[in-house]
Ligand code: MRU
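In structure tokens, one chain follows: the form predicted on its own.
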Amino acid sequence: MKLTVKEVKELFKPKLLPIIWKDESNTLTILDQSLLPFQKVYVDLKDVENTALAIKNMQVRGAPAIGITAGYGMILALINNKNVKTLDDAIRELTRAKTILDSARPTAVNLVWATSRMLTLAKNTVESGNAKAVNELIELMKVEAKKIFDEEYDAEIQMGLYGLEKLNDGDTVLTQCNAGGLATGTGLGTALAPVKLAKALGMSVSVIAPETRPWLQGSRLTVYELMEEGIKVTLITDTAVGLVMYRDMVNNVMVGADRILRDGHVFNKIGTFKEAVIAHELGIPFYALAPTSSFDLKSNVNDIKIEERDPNEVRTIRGIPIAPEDVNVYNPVFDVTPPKYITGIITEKGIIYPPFHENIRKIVER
């Protein structure tokens, strides 16, 4: 049964709404993911500095969700800003805001993509004379930010439908980190979208979620999100990944992606590379799911900066020491999976198969 995007929206109603724009108060409200699953707390963001801090501190995380948040963060740079009186002031402030937001998380391509899109819209609007005052510019930027959200949600539905083609009743999917609705801001997700749509259609599909040290996005977020949706999920340690695949407990692997290069290199949460290599060796299909906004068709693999975070994230768990306080720590939070280990890349425009250096542009640019 081939469903349309409209039919899916009627069929699937997300139970978690991680990003909410409140137009009446010009406030961006986010579900603070750093406190999950123990506390469900929503935080109001009213300026660009706090928006960037929320991204940096991983109160909001996941490449698409970061992009949506950054889009609205650009608007917050203008709202209630006493330094912005003219349209020229607005462009200068938006340029400053883009610099602040872009520096919050350097690896996720959606962040720069979203801030660039909002700044370009603002510049074009001012140059064309379509806005005569700052408040008019703000209203047009609100429309654009809503488009970013809507396009993301529609893309996730399409990815979910393409990914659904790879699932059978009774399948178990291994994932990594959190690539669900919490990570995308919509409530659906990328790598978890096929699973959620399968559940909505009455299929029996389950998930195995590694804990994903050191921030434990798997145990804190993926497990929480799937249990909220009523989907069977089993939590494992990161070190159990090889065994569950070796014992035929996994039918396929579906992960998200923070950045995908034109030759098929996939940047995703640390631990993804390991899953891909083991899956390749054991003949288990490995799919990366991401919207085309996550593709970087210009950079080479060695150009990408892998974000490294605070060593204390490894030395401690939620502030409790688990290692000598002066031990040297290497804490990269992303890794890169070479294209040879990837079965396919699922996008809203279709599934891309090898050779990726030829086929990615054909799909992404069409």
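Start at 1 with the first residue shown and count on from there. This one's a predicted model, so the numbers in the text were calculated from it and none came from an experiment.
Not on display, but discussed next: the form predicted in complex with the named molecule.
No clash is found between the named molecule, overlaid from its position in the model of the complex, and the backbone or C-beta atoms here, as no atom lies within 2.4 Å; the site counts as open. Here the chain stands alone, but in the model of the complex its contact with the named molecule, taken as any heavy atom within 4.5 Å, falls in 268 to 276 among 235 to 243, 161 to 169, 268 to 276, 140 to 148. Contact check for Lys196: no non-hydrogen atom falls within 4.5 Å of the named molecule in the model of the complex. Although the partner is absent from this view, Leu31 stays clear of the named molecule in the model of the complex, with no non-hydrogen atom inside 4.5 angstroms. Contact annotation for Thr222: none of its heavy atoms lies within 4.5 Å of the named molecule in the model of the complex. Interface membership of Met58, defined by any non-hydrogen atom within 4.5 Å of the named molecule in the model of the complex, is confirmed. Only one of Cys177, Ala288, Ala114, Ile260 lies close to the named molecule in the model of the complex, with a heavy atom inside 4.5 Å, and it is Cys177. Using a 4.5 Å heavy atom cutoff, none of Arg213, Asn252 and Thr337 lies near the named molecule in the model of the complex. Residues are counted as partner-facing when one of their heavy atoms sits within 4.5 Å of the named molecule in the model of the complex; in 62 to 86 these are Gly62, Ala63, Pro64, in sequence order.
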